[in-house]
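Only one chain is shown below, in structure tokens, and it's the form predicted alone.
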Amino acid sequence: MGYVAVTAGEEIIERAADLFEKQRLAGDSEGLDVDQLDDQLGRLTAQAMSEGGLYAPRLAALAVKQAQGDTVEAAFLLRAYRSTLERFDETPAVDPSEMIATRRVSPAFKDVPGGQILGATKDYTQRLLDFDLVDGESADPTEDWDLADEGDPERLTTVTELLRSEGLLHEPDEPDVDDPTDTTRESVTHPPERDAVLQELARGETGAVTALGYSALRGYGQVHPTLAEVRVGRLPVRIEHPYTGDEVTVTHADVTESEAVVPVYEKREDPQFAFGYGLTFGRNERKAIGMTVLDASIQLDGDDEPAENAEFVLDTIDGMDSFGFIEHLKLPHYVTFQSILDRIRAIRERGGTAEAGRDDPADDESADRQPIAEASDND
């Protein structure tokens, strides 16, 4: 649910929007085009896509440009656009093990089957400003690499598959429904099923997901997981052929996936690992890991820690909700504030504190001023 200002002088609103657009054009530099945003700021567009719940990199780049870099606003634009689209069909579920991984790290095992794939990352370098980027683009540092054709990528065995094959991974109960809940069309009810939790976490605002996941690690929760692995790559998107009925791959989607394991100490006779899962559109490892922590925490179904309370987490992480509630405070509250003001004044007068706390009008020029708030027809 989001809030938008809908009443005011129409001309004033249009002029304010014009000024907002002028801010983007006010500088001396060339304007950014959508292709530049899509090609060079992939992390930004990925965040907008995941929070908007729409995999469309070019539209996400357009939304980021229109929102002047505000990712929550960009996600709002994408959700609004998505709501206008007709749903023609649904794609069959894809096994994440089919991912063509460009990055795969496992903090759990050094010699994981398929090997560690660092891929493109600066995780292991110092965070220093690169002033070579000020005057232009630096040269491609990989252009001299002698790369041999290794053929098609192999399917990677996930760490959780290994643990599951040994019976070390606790399997959650099967859901009572055949089809997963679509939280973009059905309101989430509490207590939510796990599929609804994962969908809402996937669309959660990155900062909120990270912060609540961090709260569990900081002691406001019982989950401090070991990451089985974090993977970045491409998953196939398939549809059912309208004539043959066969599944056909029509494109691939960039995703980030994270899996974590947590010891379950309650089962002393048959100790196992519980696990948390996270998957987001595009490259967003931080959010995927935060999502993993929250998924594992919510499965504990506790009431004492914020990260274990599904209702608290899901009501807090949605960027549209938090964006709307926070920013609606900027909208006129003339009537409600006047009512509060009247009550405060009445209580003070009944208690005899009104005169005691009031300055001497003879010494205060403000005594001649107009009341600080009055209800009007514009409330």
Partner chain sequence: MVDPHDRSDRFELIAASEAATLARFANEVLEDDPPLSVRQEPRPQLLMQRVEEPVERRPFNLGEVLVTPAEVDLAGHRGFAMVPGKAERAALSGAIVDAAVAADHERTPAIVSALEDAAARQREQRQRAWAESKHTAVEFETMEDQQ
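Positions refer to the first chain, counted from 1. Computed from a prediction, not measured in an experiment: that's the story for all the values here.
Below: the form predicted together with its partner chain, not depicted.
- Between 327-335, 24-32, 313-321, 48-56, the stretch whose residues reach within 4.5 angstroms of its partner chain in the predicted bound form through a non-hydrogen atom is 48-56.
- Note on contacts: among 136, 172, 219, 167, the single residue with a heavy atom within 4.5 Å of its partner chain in the predicted bound form is 172.
- Residues 70, 130 and 214 are none of them found to lie within 4.5 Å of its partner chain in the predicted bound form, as judged by heavy atom distances.
- When contacts are judged by a 4.5 Å heavy atom cut-off, residue 206 does not count as touching its partner chain in the predicted bound form.
- In the predicted bound form, at least one heavy atom of residue 244 sits within 4.5 Å of its partner chain.
- For residue 181, a non-hydrogen atom is located within 4.5 Å of its partner chain in the predicted bound form, even though that partner is not displayed.
- Using a 4.5 angstroms limit between non-hydrogen atoms, residue 110 touches its partner chain in the predicted bound form.
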